[in-house]
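Okay, so here's just one chain, in structure tokens, the form predicted on its own.
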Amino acid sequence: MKILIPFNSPERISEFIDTGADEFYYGFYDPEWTTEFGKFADLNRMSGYGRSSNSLNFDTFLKTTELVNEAGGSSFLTMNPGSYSKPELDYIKTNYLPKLSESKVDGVIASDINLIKLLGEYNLDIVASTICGIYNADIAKAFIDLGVKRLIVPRDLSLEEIESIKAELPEDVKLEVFFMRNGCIFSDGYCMGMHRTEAGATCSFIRNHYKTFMSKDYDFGFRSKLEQNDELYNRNFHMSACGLCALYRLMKAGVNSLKIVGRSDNPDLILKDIDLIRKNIEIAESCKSEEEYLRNMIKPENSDFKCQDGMQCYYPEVRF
């Protein structure tokens, strides 16, 4: 199993790889794109956070992929907003795809079907973003028919659903799952919101904004349950998500890559996650059963909080 990490620090490539990272995903910024299409036209899902999430320009991105390749890692470019317009696709075809096709990039993470078709014309390896909403094997096969060689499944799938999709995939198609850090209360494939510095994201706005509960008949007990449920989810659900308990089962299912989320997160925290995952992969590989792995696995250092109610779990069914 490979560890895929969010990447924004080219000067630390060797440090990440030495700790155990195998794959890097990152985007770039382009001032000319913004001049052409405006500040609300995203190049990728995190463009709204500016250079805190995309520290490289296009030329520096290309050079960085060479450095990652030389260090023994793999690079994946994020081009995964909700959609692109026809003029934006024309711009991408003219300004990015010719150079990308000659670069060391290992894959392009895409969400727009028209972009996916374009990438195929340039013989670039295509990764179907989680925004593609691959909730079952039929959807997976539809993207495979478009030339996709790697699938990122939604973070709200159960282990059983992931296993059922993986079992139907051709051997040359890889599967990537969410594994550590930033979760979400929504499905990316059905979220029409944007990630921006002005207001965060739709999910964070809903978490933090004042709410008024409305019901046809006022009932104190029912209202109390609503408020308690809202408080529980606002305070705890996927604030710092974790899938470590599911590692053994994901390994046995044949999942290829474990994804750490957080392109704007502190690199030192990413390093801690890489180290923890790598050690647990080694433990899982030495275990003969899931029960043995769960007895011997290394839990996150804040497990007293993370593990108390399952609200931080990507795959709570392992423990509950």
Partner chain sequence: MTNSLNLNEIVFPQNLTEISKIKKYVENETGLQFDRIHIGSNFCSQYFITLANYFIQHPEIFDTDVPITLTIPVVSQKNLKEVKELIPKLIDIIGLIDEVTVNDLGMLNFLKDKYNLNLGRLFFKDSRDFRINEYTQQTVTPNFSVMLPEKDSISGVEMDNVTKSLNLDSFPEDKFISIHYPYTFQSTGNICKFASIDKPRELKFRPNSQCGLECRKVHDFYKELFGNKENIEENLTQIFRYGRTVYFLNDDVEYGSRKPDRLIYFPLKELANRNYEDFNTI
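In this text, all values refer to a predicted model and were calculated from it rather than measured experimentally. Positions refer to the first chain, counted from 1.
A second form of this protein, the form predicted together with its partner chain, is not displayed here; the remarks below concern that form.
Answer option from 99, 149, 117, 104, heavy atom within 4.5 Å of its partner chain in the model of the complex: None of the others qualify; the residue that does is 117.
Contact check for 1, 79 and 122 against its partner chain in the model of the complex, heavy atom at 4.5 Å: Spot residues vs its partner chain: no contact at all.
Per-stretch contact check against its partner chain in the model of the complex, the hit in 67 to 75, 171 to 179, 131 to 139, 242 to 250 (non-hydrogen atom, 4.5 angstroms): So the stretch in question is 131 to 139.
Contact test in the model of the complex: residue 39 vs its partner chain, heavy atoms, 4.5 Å: Residue 39: contacts its partner chain in the model of the complex.
is_contact(residue 311, its partner chain) in the model of the complex, heavy atom dist at most 4.5 Å: Residue 311: contacts its partner chain in the model of the complex.
Touches its partner chain in the model of the complex: residue 95 (any heavy atom, 4.5 Å): The answer is no: residue 95 has no heavy atom within 4.5 Å of its partner chain.
Residue 143: touches its partner chain in the model of the complex, heavy atom cutoff 4.5 angstroms: Yes, contact at 4.5 Å.
Residues from 214 to 238 in contact with its partner chain (non-hydrogen atom within 4.5 Å) in the model of the complex: Contacts from 214 to 238: 214, 215, 216, 217, 222, 225, 226, 229, 230, 232, 233, 236, 237.
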